[in-house]
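Given next, in structure tokens, is a single chain: the form predicted on its own.
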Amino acid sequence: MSARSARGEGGFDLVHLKSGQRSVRCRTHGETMHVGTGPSTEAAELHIRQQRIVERAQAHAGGPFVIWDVGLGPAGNALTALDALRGVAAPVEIHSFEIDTAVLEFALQHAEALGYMAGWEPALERLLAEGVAQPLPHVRWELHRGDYLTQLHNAPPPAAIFHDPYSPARNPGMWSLEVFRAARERVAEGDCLLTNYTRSTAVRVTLSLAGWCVGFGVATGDKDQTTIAASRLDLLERPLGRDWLRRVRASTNAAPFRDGHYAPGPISDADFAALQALPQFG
């Protein structure tokens, strides 16, 4: 995971990745953030380029292009988006969701070592202090502190979601049917893409049953694929097909996440029937 680490305060360590970049490790959860390639590289591959954020923001009409940054963490995803959006004239809103900003506060103390925060320190300090910042003339950045299921109703419907909480094993509540369904309902009839770093069959089943169309995501770091979801099937380049259903049926870890519980197991007959009946697999 890392070549070496510097012991930090508040349950976090500064770690050196094999890629040469530095990142933050949470000792409580035992997980290193953006472990594969580092914060800026992973964010660019997984979220920014895959979602075509710059092109879609430029072409967006009818108000600001809204990005939900779910799991602000040390702000790697949001800051990489800001770097990409420098040359975009269209209005953009970034809504970051975080239940505990301790990791961002730790990262900000080590901004020079991390590198990717360079130049954004004033915006980060204002975001933490006031909950709102204007990092670029055309970009408004708002922080929503607290439980995601409660806070998501305080943000406008998204066109893009960066879904990046701790892993399903460590934080199953953020990967549940209830969470993905609530986000899908906020999107309503709008066009939206959701990207995340896992290729978990259980997560893909959960997203599908929550009303998302689901596809194969790009490779990043050590992962040969990730997961992308969309509000419409035609927004996906590589949607999951009926051959994937056979893998779901044979999997010993395909049960959807419900009620914040992590209980690996095969999918039930009822859930599999509901999955088969979705238009994506019809």
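Residue positions are given as counts along the sequence shown, with the first one as 1. Here the structure is a predicted model, which means the values were calculated and not measured.
One more form of this protein exists, namely the form predicted in complex with a small molecule; it is left out here, but the text below deals with it.
Considering the small molecule in the model of the complex, the lone stretch of 229-237, 66-74, 209-217, 51-59 in range is 66-74 [heavy atom distance within 4.5 Å]. For the candidate spot formed by Pro168, Phe257 and Gly265, no residue has a non-hydrogen atom within 4.5 angstroms of the small molecule in the model of the complex. Of the residues given (Glu189, Asp147, Glu121, Glu130), Asp147 alone sits with a heavy atom within 4.5 Å of the small molecule in the model of the complex. In summary, among the residues Val103, Leu152, Leu82, Val203, the only one with a non-hydrogen atom within 4.5 Å of the small molecule in the model of the complex is Val103. Among residues of the shown chain, Phe180 is not one whose heavy atoms approach the small molecule to within 4.5 Å in the model of the complex. In the model of the complex, the small molecule sits within 4.5 Å of a heavy atom belonging to Ile99. Contact check for Glu93: no non-hydrogen atom falls within 4.5 Å of the small molecule in the model of the complex. When contacts are judged by a 4.5 Å heavy atom cut-off, Leu114 does not count as touching the small molecule in the model of the complex.
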